[in-house]
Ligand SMILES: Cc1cc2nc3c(=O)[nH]c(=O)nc-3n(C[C@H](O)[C@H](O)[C@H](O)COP(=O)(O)OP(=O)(O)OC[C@H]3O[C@@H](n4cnc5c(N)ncnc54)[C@H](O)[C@@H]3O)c2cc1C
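Given as structure tokens, the chain that follows is alone and in the form predicted on its own.
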């Protein structure tokens, strides 16, 4: 039986552990805290699921596959993890990021609709759309309950035979036959055919020269009038303004927050208090787009972090025999979890090589894959 040690029980590590266990691997999943702990990027209250990725069809196709994967996980878990409220993209230019996204979705037969800005009243009690050229509607997009989904995925992995170990792990050079790879877990060296480091924002602190920057991301949910405080309010993204949000999914308020990259951040000990500037930035956007909500009180806030590569492409690369890095989620990685796990499992099985885009090569800065079209 092939063996693997997966370090990190966020959504990527837990999803991969589950997939490998189901396909016959002996899997050890190592997590220094607990699956879904608040320091994880995966432990944000919510994450968006959308297929629009500009002119890139690889990610659009994977996101559509992931939607089916989340539905299957829901059936197994017996609870709703994905709230399919739809998503409205606010397009400020006629031929920009949203236009390219729409062309890709149509080519892939993924449902979408280009609407006039005046159609915004179909979705929102109020929308100031005087600067918009059109709306892009993704009816099958929506909101993932991120922290809960991470916990459920890890629990399903354990139920499928994965051994979950709560410990700290560090790399070990070399290997011992017949194994290829090794890792030190709380002072004990353990060997496996593969070791996969899926440790999110901790990855660049463990491995030198990994092209990942960790940033602090403040997320905000607002207490809003009853007309807005309904789960049926769709998610929305303003790519040009690096702003996004969604309706009140589980009673924590309407999410409205910035997706622009924040300041550099240390995930283990960094402050978990949101910045006043972040609150004002969100209010300024509400004032512009949904004026009546500009003074809505903050009901819930949370600090998470992004692990950003310069081009928002992920890292799936073998750094030494049997040792793989799996990271750089860049804030748009969560939604792909179930489908991406299948893809990486195929890489580890030798079914296919990883896409060259995921290598540890020089990255050219780009934001074409994220919901953020600008930086702070």
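Numbering follows the first chain given and starts at 1. Predicted model, so just to flag it, every value in this text is computed and none were measured.
Just so you know, the form predicted together with this ligand exists too; it's not on screen, but the next bit is about it.
Heavy atoms within 4.5 Å of this ligand in the model of the complex: which stretch among 161-169, 110-118, 221-229, 275-283?
Flagged stretch: 161-169.
Does at least one non-hydrogen atom of residue 309 fall within 4.5 angstroms of this ligand in the model of the complex?
Heavy-atom contact with this ligand at 4.5 Å: absent for residue 309.
Quick one: does residue 11 come within 4.5 Å of this ligand in the model of the complex, counting heavy atoms only?
Because a heavy atom of residue 11 falls inside 4.5 Å of this ligand in the model of the complex, the answer is yes.
Using 4.5 Å between non-hydrogen atoms, is residue 198 touching this ligand in the model of the complex?
Close contact exists here: in the model of the complex, residue 198 approaches this ligand to within 4.5 Å, heavy atoms only.
State yes or no: in the model of the complex, is some non-hydrogen atom of residue 324 no more than 4.5 angstroms from a non-hydrogen atom of this ligand?
No, residue 324 sits far enough from this ligand in the model of the complex that none of its heavy atoms falls within 4.5 Å.
Of these, 339, 315, 60, 48, which has a heavy atom no more than 4.5 Å from this ligand in the model of the complex?
Of the candidates 339, 315, 60, 48, 48 is the one lying within 4.5 Å of this ligand in the model of the complex.
Just to be sure I understand the contacts: of 233, 301, 242, 305, which is the one whose heavy atoms reach within 4.5 angstroms of this ligand in the model of the complex?
None of the others qualify; the residue that does is 305.
Verify the flagged residues 33, 41 and 335 against this ligand in the model of the complex: is each one within 4.5 Å by a non-hydrogen atom?
Yes, the whole trio is in contact, each within 4.5 Å by some heavy atom.
Within 4.5 Å of this ligand in the model of the complex, which residues of 205-225 have a heavy atom? Give them in sequence order, or say none.
If the 4.5 Å heavy-atom criterion is applied to this ligand in the model of the complex, 205-225 yields 206, 217, 219.
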